[in-house]
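One chain is shown next in structure tokens, namely the form predicted on its own.
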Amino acid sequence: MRDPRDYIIFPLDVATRNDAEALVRQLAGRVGLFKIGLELFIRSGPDLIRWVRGEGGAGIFLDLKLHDIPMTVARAMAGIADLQVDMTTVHCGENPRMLEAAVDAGQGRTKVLGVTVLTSVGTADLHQAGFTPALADDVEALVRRRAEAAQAAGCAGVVCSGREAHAIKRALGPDFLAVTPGIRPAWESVGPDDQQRVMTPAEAVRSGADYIVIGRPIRDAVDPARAARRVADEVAEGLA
């Protein structure tokens, strides 16, 4: 059985390398992976990835959400694989060949996750973007359709909300990874948020999430290490 800490992906959503390093030092050994997103990667680049790998005692999830023509994505993916990151993201988008190109270029060294529908996106957004009512009104159906395309392209899994993880596991099998952002612990008071489809850690794990992405409740806590332990306790509750 996996350690509850291994389910936690902590996003280093800070602007400077110094801030990122401080968080890694506090949380090393308390989370499963550190997520490096677009802002921090642009500011600090591959050197930070190498430092986190050496210092963090955890895996690395490079969340760049690639979305371009297949050749460009393949070249970017080859560079990502050379950095020895554990997982990375590619938008499912409109073209399955883009996903296939990422998987081929990764050569099994880095798991490719398809980004289905961002957790900040709701039904009204999908209508405005021109999706048919059948998909705009049923986000789970849209996520499942994109997850099927990702699996067919060879992706290791998808990024989806905890609300869709159960359906994805049921349809695509237990080995297809579900990585779920939009996680808010039960003990956190609810305030302004840019996420629309949220769950607690226990709910997400019970729904089939293999990893949960949780940032602000840990990062903004007086004691981030203690907050991470509390999240791990909620994961353990969900597993039980």
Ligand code: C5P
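The first residue of the sequence shown is number 1, and the count goes up from there. From a predicted model like this one, the values you see are computed outputs, not experimental measurements.
Omitted here: the form predicted in complex with this ligand. The next part is about that form.
At a distance threshold of 4.5 angstroms between non-hydrogen atoms, K35 is in contact with this ligand in the predicted complex.
Among heavy atoms of P224, none comes within 4.5 Å of this ligand in the predicted complex. When contacts are judged by a 4.5 Å heavy atom cut-off, D63 counts as touching this ligand in the predicted complex. For the chain shown alone, P201 is not a contact residue for this ligand in the predicted complex, no non-hydrogen atom being within 4.5 angstroms. Per the 4.5 Å heavy atom criterion, this ligand in the predicted complex is contacted by stretch 209-217, the sole one of 170-178, 26-34, 48-56, 209-217. In the predicted complex, the residues of 11-50 lying within 4.5 Å of this ligand by at least one heavy atom are, in order, P11, D13, K35.
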